[in-house]
Structures are given as C-alpha cells and as structure tokens.
Ligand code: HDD
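This document opens with one chain alone, in structure tokens, the form predicted alone.
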Amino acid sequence: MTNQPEQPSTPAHPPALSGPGQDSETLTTTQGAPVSDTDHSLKAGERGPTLLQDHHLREKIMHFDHERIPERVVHARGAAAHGTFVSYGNASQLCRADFLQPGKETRVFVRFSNVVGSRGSMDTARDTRGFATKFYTEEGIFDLVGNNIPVFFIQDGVKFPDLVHAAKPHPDVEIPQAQSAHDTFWDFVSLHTPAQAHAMWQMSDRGIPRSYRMMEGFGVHTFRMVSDSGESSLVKFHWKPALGVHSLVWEESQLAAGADPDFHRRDLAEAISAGHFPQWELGVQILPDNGTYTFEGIDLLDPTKFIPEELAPVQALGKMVLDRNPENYFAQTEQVAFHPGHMVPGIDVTDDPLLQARLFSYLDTQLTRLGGPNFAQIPINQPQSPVNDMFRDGFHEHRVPQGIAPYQPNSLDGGCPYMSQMASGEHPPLDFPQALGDSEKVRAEPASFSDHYSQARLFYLSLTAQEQAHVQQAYSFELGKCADVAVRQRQVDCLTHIDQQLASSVAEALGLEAQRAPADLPQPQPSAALSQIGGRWPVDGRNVAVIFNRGNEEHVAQISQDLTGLGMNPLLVSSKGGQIADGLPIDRTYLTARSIEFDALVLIGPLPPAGDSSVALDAKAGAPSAGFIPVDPRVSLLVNEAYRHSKAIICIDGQDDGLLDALGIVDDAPGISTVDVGAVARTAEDSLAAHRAWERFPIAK
C-alpha cells in the first residue's frame, strides 16, 4: 500500500481563492462527483485487465495527456536515428512474428529521450531515459517503447499523472527544470513507496549515461509471445549495447549541462556521421505462461519488479545497427509517434495495470500533439505494409480513399476489404485468446504488489563499492536540494528499509538521524549483471584528445592514424585552430575544448601557455600551473578534470618534460601511462576497454 500522510482536521492555512473545480476539500471528478480511490484503476479482478468503463482513469489520463501543446508531456527532449534490425532466426519456436524469422531485415527508427525536461533542457540531467524503437515490419508497425531502467516508479497507470506532476518543475515558479532534486518529487516518492525501486536505479550511474550508444534498453513490462502452434510464453525485452553500459560521473554531467547541453544528441549524431554505428542486440528473458504470472516469487504484472539475469538469462534474437541520422528533426524525431499497442501477430500485451493504461494514453496523446487521428500518415509513422483501415476524413487526411462504402458489411465495394482468414491460417490472429476467470469489478491490487523495497535492496547490494558511493552521493545531493526537512527525513526513513549503511551515510550528509533498519531485511543473492564495472568492452567510436602545441606536432599524424586504425576517434586539440603540416585539421583549441568531450587524453609536451591564455581573456584559464614548468592553464584544467573523472591520461616517453608533475598528478597512478609513440593507441585501447580507471580512487565496501 502507498504511504498516506495524516489528514489534518482543519486546514493549516485558510483556502486561497481559486477557480471552479479546485475548491473542494475532497477529490472529485471534473464534474464534481467524489472520488474514493485514485491509486487503482478499475479491473476485472485484482489481477485482471483494466476496464474501458473506468471513467476516472480515462478522465485523469485524458486531461494529463493534453496538458502540453505542442511538445510531448514527457520525453520531450530527444534524439533519434534510422537503422536496421536483422533477426538471428532463433525465435521460430517462440514467436510467429515475421520480423523474427531467419535473416529477416527490418527497417527501424529509434528515439532516445529524457523523461522530465522540456525540449530546451540539457541532455545530461539525472533522469530516466526513453528507448523507443519503431519496427517497420511487413505485418505492420511494431513499437517497443521502453526505458534504460527495467522498472518503473508506479504499478498502476492511474498514478502516472501524479508521478509526472511531482517530477515536473514546481507549478508556481516553474523550477527546477529537468531535475528530480526538489521537494515535490521526493515528497511523492517518499509517500508512494512503490517508487523506491526506480528511484534507486535513477540515483545510480544509470541515471547519467555516458552516451545513448552505451545505454541499455528495457521493455519494462511483461509481454506475451505466441508461436505458430499457438503456444504462449511470457517475455521481458532487453536491448544490450555492443559497447557496454557506461555512465558519466556526476561532475561531468554538471559540466556538460553548461558547456554542452546537447552532449548526448551530439555524441549520437557525430558517431553515426563518423561511421561508428551504434549497435544493440535485442534479447528476451523467456518465462513460462502458466497462468500464475509469477516467476521465482516475482510478480510479472508488477512493473516495479525485474527478473535478475541469473534466474532467466537474456537470449539474443537479433542485432540492430543505427547507421543514418534524421534528415529533419521536426519531420522525423519530433513527429514520430510511438504506442505500446502497435503490435504485430505473435506479440501481445499482458494485464500489467501500467501497460493497460498506456494502451489508452499513447493513442490519446497523439490527437493533440499531432493534430488529429491521421498521425499514421506522417511519413515517419507510415507502415511499410499495405493499409486499409476504412477510416475516413479527419484533420490532416493526406490519402485519397477509394470506393464508396467505408463500412462493413457492404456489397457496393464488392465486400472489400475482406477479413483476415484466421481459420485457414492465411493470417495469424493479432490478439491471443487469453482466458479470464470469474472476477468482479474492483479498484484493488494483489498482495504481491506490496513489496516495495526488496528489489531496490537487491540492486544496491549488486553494485561495486564505487557505484554504491555514487548512489550515496546522488541521494545526498538530491535530498539536500529539498527545502522541506520532513520530506528529507521521510525518504531517509525509506532508505532504512533498503540498506542501513546507505541510509546512515545519506542521513549524516543531511544532518539527520537514520532509524535502525528492520531486523528482517532480506539477504538477496547479488546479480553481477546489474553492475557496470568489471567488464571489458569494444572501444569503437571512443573520443581520444591528442593535445599538443603548434610547435611539437611531429608525432600527431601517426598517433591519430593509429587510434583510427583501432576504431577510436582522435580529436586534435591545440593552442590555435587550422591544420597541421600533414593536412589534418585541428578539431578543438584550448579555448573550446572541455574534458567532458573526451574518454582519454594523449599529452604531447611541452604545452606552454598560449598567447590567449590570460585570465582576463578566458575565465577557464584560472591560475598558472603550480609546477616547475609553465603549462597553459586551460590544459591544466582539462587534464585535472580528466584525472578526477578517472579517465586515461597518456604521455609520450621523452616528451612529457615533467608535464604531469607540473600539473600535480602522480605519474604512476592507475590509468596514467608514459609510453613510446608506437604504443599510444594500444595503451588507449586497453585503458578504454574498462571505461574508467576506477581503482584510481579506491573505496572500501
């Protein structure tokens, strides 16, 4: 059950003057009828599908869907790309969908997005990211509309307006933009405790991804797959990035918000333009459809729960490659319309109450955002397969329908269009014939939905000490931004149900007291798949800064060529623009470069102050180097930031000239190398395969 605050017997302050509809002390519909439950949609039994007759759900979601014009209410800030999905052909016994047949190639369009911020907000805010894929299959459009986090804040779609209203800027002052570090968000999360699991993921490094290319995707809900023989299986969708799952550190995300608010969309577009095409494998966790909708004690209809991969391995079904940037942002990235109800034969929904509400909400949203019911005729939304829906007219009708009988049955158009002949097997059914047992109309939830903490605890205990420290810092920062002490304390109290050490560390940072954790906290088996640290990954498209002065460019061309040959993306950084003798252009100058752009640095000394390094001319310059040799202060800033962020720093043997000493950096620290020119690229590859030199700043667990 959701925690509910105590109701005061009398208002703390006299009610302010307000317009009609906002002056009742009790919750009502827009027509003034009292509402007794706004936490549960009306279902056919507590585990049954949501009923269309739930007027409160429809009214609440409908009004929410139309709050913003014209940008999306959520997921407004996005970037996208075209690509191709190729099936491995190993799903024939699992799913009859045509796009999963052996070797089948299907065009896709993928939109990545932030959830909370407006279109003009920064990319790198701590937030959940959307990961929506439109498959243009020969059987129609299939939209897999997911996130980079496998669980969600709420269990029932009727709570979605409450969640987003809490996460959005405060309605009186319209701040903070694109951030969850404020009172209303944590007021909601600390009271609506089903949100604790998702909040834990968002406070982890998953909330600040390094790149869309290095971001995992999840379908969130449990879906159903149906084979040619009619056998049903339940599945959880996963997108596994070829480059691994990697994140920024918190200071980087803040720097990027100011220095390059387009950080993620720029990274995606430039990688594709450079031929470093992002790749993911689409996989599923396959779960038995035995009528219980549970697996290993985990409720499969609860969208706040995930299945550890150790219990159900992810089986890859195909590979997606994004190889083309949009031709026009508005026409494609902005106008693309996703909907979880866009299904193809062989894939169906389940009775997850959040998914059930999404089936209504997404379609309703497009009516306002895209100006009417004909949004499927916009080129980016048009299916590849033939269409005859018998619909007519409406805003933005671009087709010229044929015939005079847009109804069924008819004889004047020869009975066309005909129904799919499912009995003869000409076309498989779109909907799985799911049996529904005896039920009654209720606003309720199953008892299994009341577990709000165990998976947040599983996730936290599966992280390395470094990642746990980042979670502690995130909670401390976010709650430190809350002005209401009661909200801070209530969330800290929630953390005691997850982990005592986490709660205590956050409480200490906030000057609060942490309650003692319950004695019966579960002791889950940690899941190695949840940690981002410890693996080794391809380095394709990783940005490596080659930093030099215009007088010491002798080895720049060779280093650049070697890095390119190993799949990395060298960016030349020098004191001024132009090109070097080999014709290679200077990509950045000391003035325009910032550490957030680069995954590793190659320093070719000496790097004395350039003529424009005066503090009066460049506020980035700062104080001169404290070392024995003069170093351009902007280079000092760049290198010291990269060092703090655990990035690889490589110097050239015989040319470092005391450079690291001058910058106050220990030359034998983890991730710091001094090598011959010919070994630079291999050293960068080896360092970047682990993403960061996390051992540079060890943390005891």
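Don't overthink the numbering: it's just position in the shown sequence, from 1. This one's a predicted model, so the numbers in the text were calculated from it and none came from an experiment.
Beyond what is shown, the protein has a form predicted in complex with the named molecule; the following relates to that form.
With the named molecule omitted here, the record of contacts in the predicted bound form names 358-366 of 235-243, 308-316, 358-366, 395-403, defined by a heavy atom within 4.5 Å. Shown alone here, residue 72 lies within 4.5 Å of the named molecule in the predicted bound form, counting heavy atoms only. Contact check for residue 278: no non-hydrogen atom falls within 4.5 Å of the named molecule in the predicted bound form.
The named molecule is not drawn, but in the predicted bound form it has no heavy atom within 4.5 Å of residue 263. Interface residue remark: residue 131 is counted as part of the site for the named molecule in the predicted bound form, having a heavy atom within 4.5 Å. Contact here is defined as any heavy atom lying within 4.5 Å of the named molecule in the predicted bound form, and by that definition each of 113, 152 and 220 is a contact residue. Distance criterion of 4.5 Å from any heavy atom to the named molecule in the predicted bound form singles out 145 from the list 145, 559, 471, 81. For the options 498, 336, 214, 482, the residue carrying a heavy atom within 4.5 angstroms of the named molecule in the predicted bound form is 336.
Contacts to the named molecule in the predicted bound form (heavy atom within 4.5 Å) from stretch 155-172: 157, 160.
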